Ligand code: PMP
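Single chain ahead, written as structure tokens, the form predicted alone.
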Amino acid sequence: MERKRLIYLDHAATTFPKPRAVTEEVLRCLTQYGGNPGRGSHALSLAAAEKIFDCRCLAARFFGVSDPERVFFTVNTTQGLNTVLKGLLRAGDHVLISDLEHNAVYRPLYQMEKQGRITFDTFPSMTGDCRKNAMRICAGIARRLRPETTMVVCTHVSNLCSAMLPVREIGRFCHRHGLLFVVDGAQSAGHVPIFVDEMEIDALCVPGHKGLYGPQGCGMVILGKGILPEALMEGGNGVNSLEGEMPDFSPERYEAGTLPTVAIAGLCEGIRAVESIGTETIFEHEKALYRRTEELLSEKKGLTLYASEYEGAALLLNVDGLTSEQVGSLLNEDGICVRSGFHCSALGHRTLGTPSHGAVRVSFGMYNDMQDVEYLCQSLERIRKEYGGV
């Protein structure tokens, strides 16, 4: 098997490479207008503030909200989820989360429960028939409601496989029952259309560096109408500087300290690049790559695919007789980048029934092609024959 160029199949962790417009804008920010936004009366500060406002407006339109002020920037999705969960939940509240959640949801709630502040339970997300998931998932949530239940949290798309939760139907269910609805969009933003108001989402937390093709170091929260969590952090933001209290309005309430201007500048161009291609076009391309991979691997002995009936940008697998780390290392020797282990999702691995060493995740992006798929499958077949148990 002749090695070709490096093949990057770890887009669920971070997309690579970035569009040229992103890298060019990052350089332009660093060299031409990278002042501290809102922290100066000079041209460089004003230019940086204008770029941040442009990105805020672009994100508001992209995610279907009418007010740019409902978009605030974070370091990453995890900070956004911590801000929303800790800022909206009150003592004695009960929360329901899916059984596929990332640790960015699970760990904050685990700590809050450990501290005696809240309680939480999981609801099933994989109900056997993909076509009936919406009805069955909502029924599963309904069965677990308590008088003190105030919030439902779920990932839009699993970070392990391509299982997609029906957020539109869950959002309607939550609002019919007076519940807050929080969505982790880490694996869906940029892949599938998300419209916060239309889908009745109260807070959507997304990264800039994954499906939106921006740099690392920046994420966003898009708030529903009338939603104003308590701030996770306090500090200077250039507004009401003589007061001890943080502002009682978004976005300034949540943007304490200097913002990651360079990352936001790149993110702005990343969103434009995704918009210009279209999320539907990108997702269809990723699904085509997924289908071909699943087709080539599904009939191979000695390979296990998890939840492969869910088509999307990520496929989870194992090679019999090898740990996931061994497979990842051997693929790396062939120039193929994947992620092995537990992917920061204890709940998801438990739900999917992976072994004690976890699994190998292959995740596609808009720059991958069928040649990448063919080479991956050839490499896995070689590994299976030379090192596996079959």
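Sequential numbering from 1, following the sequence displayed. The shown structure was predicted, so the numbers you read here are calculated from the model rather than taken from an experiment.
Not pictured, yet referred to below: the form predicted together with this ligand.
Residue A186 is the only one of L316, A163, A186, V221 with a heavy atom lying within 4.5 Å of this ligand in the model of the complex. In the model of the complex, every residue of the candidate spot (H102, N159 and K210) has a heavy atom lying within 4.5 Å of this ligand.
This ligand is not shown here, but in the model of the complex it comes within 4.5 Å of a heavy atom of T78. The closest non-hydrogen atom of T155 lies within 4.5 Å of this ligand in the model of the complex.
Judged by heavy atoms within 4.5 Å of this ligand in the model of the complex, the contact stretch among the candidates 243 to 251, 292 to 300, 102 to 110, 306 to 314 is 102 to 110.
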